[in-house]
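Next comes just one chain, in structure tokens: the form predicted on its own.
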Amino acid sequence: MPVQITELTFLTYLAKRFKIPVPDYLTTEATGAQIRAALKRWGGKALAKPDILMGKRGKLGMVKNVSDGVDAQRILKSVQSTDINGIFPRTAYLVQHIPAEMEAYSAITYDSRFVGPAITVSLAGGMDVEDIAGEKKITLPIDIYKGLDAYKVDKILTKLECPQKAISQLSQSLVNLWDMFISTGMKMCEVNPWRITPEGKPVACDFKAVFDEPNFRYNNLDFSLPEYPVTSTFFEEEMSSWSTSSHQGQAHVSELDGKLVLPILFGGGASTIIVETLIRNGGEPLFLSDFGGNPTYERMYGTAKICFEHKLADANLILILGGKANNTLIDITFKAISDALRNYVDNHGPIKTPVVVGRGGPRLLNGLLILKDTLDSLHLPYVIFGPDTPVTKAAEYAAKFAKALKKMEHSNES
């Protein structure tokens, strides 16, 4: 699992250090008197939030409005002890409600399109980035040596028609966000939303980040990351047990919140880039996977079988994708995936799920012919990319294909 932090860790250790404006907050250790005093300072409005490694807390109904000191302690305890899709929060906390005239979105990540870091900014704060129209967000590559300066951010905000009174302070806050990103060894961080007060002051009102474990800056953090309750899904547990049954071939999965693409991925770092590309383009992958390491037929067949049994019914597209392999035999892996797919259809009946394929490596042609014969016999539509197509392009195509299918399904339902 990637090393992640949420808003509470950001509030506790990083925001003040990097001069990023944030709401006041209290943890569950606060006394009733402290909570009542805080609510008085905050104008009688606060939000109770769970500290949990999960997005979309608000949409799940787990962010509660608080306006009374007595109710606040009860609500905090309720939020802290609530099972959210099989996962329990580490704790809960109370944050000041920030009155705002507008909201903004920002994210910094390593972007394969620029072979380096990039910042994305939008004035459509509060929305999922994949739902923000292209003309309403701007992505700018960041020179790793020169960094990000306020002048560049100023130009982005001006182009997005940000109110003049907010530009200067928001620009400086985004520069400070970059300083935090590069100084702590992050590979992704997101503020969504920034709430902009009537005076034009930006306040970071939610935050998440992922660290790059090999980065020496991450290993030199001067604080310890909190431990969260570990709750694996049945799918993850079965795949983990299967993974330990053999030393040849990887079988690693990590559940995501997606509902569209079932990803059978190969290649370690390539797998991460593929999933990031899917997410950025609205592909909603069901899980993160890495199935490389030259698996045997039996290994790959068992891996694909577990994925299909648990996830194929929920997917509207199968993506079989990886970089150009050095040792993995493509015909062996594709034969195993083909047989696992046939087995699923034999047991569950015909399916109509399209398949997008992209791969390179030893015995590729034989592998593609085996897979093609299977998809033709199962009457499944497919698109195959050759070894010269970048994995990001194939993943972007798959994401847009899956989104289009979803839109068609909704149109047919209505």
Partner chain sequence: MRAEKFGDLLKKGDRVAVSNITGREASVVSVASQKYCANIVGGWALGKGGQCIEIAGQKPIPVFSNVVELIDGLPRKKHPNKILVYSPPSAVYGEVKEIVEYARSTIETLFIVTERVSVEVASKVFQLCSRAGIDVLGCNSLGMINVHDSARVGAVGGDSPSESFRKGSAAIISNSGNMVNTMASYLQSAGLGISYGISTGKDALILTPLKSLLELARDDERTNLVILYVEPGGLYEKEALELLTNTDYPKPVIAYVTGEILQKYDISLGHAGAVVEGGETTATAKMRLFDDYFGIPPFEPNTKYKKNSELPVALKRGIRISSIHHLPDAAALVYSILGLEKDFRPLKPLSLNPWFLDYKGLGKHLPSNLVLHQGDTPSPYKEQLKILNKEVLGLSPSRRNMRKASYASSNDGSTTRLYGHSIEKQMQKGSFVSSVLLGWAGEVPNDFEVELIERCLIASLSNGPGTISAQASKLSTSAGNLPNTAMIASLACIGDVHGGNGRRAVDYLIDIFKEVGLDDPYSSTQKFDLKKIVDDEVVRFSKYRKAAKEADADYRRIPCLGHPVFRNDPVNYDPRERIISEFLKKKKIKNVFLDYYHMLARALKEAGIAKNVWAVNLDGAIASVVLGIYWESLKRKGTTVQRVRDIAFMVFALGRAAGAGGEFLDHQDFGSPMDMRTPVNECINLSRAKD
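This is a predicted model, so every value here is computed, not measured. We call the rigid core whatever largest set of C-alpha positions still superposes within 1.5 Å between the two forms. Positions refer to the first chain, counted from 1.
The form predicted in complex with its partner chain is left out here; the points below concern that form.
Contact with its partner chain in the model of the complex, defined as any heavy atom within 4.5 Å, is confined among 359 to 367, 31 to 39, 343 to 351, 44 to 52 to 359 to 367.
The candidate spot formed by His252, Thr272 and Asn326 lies fully in contact with its partner chain in the model of the complex, as each residue has a heavy atom within 4.5 Å of it. Put simply, of Lys152, Lys208, His97, Lys335 only one has a heavy atom within 4.5 Å of its partner chain in the model of the complex, and it is Lys335.
Ile182 is the sole member of Ile87, Ile182, Cys162, Val175 with a non-hydrogen atom within 4.5 Å of its partner chain in the model of the complex.
Contact annotation: Leu288 falls within 4.5 Å of its partner chain in the model of the complex, judged by heavy atom distances.
For Val63, no non-hydrogen atom is located within 4.5 Å of its partner chain in the model of the complex, even though that partner is not displayed. In the model of the complex, its partner chain sits within 4.5 Å of a heavy atom belonging to Arg280. For the chain shown alone, Tyr297 is a contact residue for its partner chain in the model of the complex, at least one non-hydrogen atom being within 4.5 angstroms. Shown in the overlay between the shown form and the other one, fitted on the rigid core, is a CA shift at Lys165 smaller than 2 Å. In the core-superposed comparison between the shown form and the other one, the C-alpha atom of Leu47 has shifted by less than 2 angstroms. In this overlay on the rigid core, Phe401 has a C-alpha that sits 2 Å or more away from its partner position between the shown form and the other one. Expansion of the Phe216-Ile279 CA spacing by 3 Å or more is recorded in the model of the complex, set against this form.
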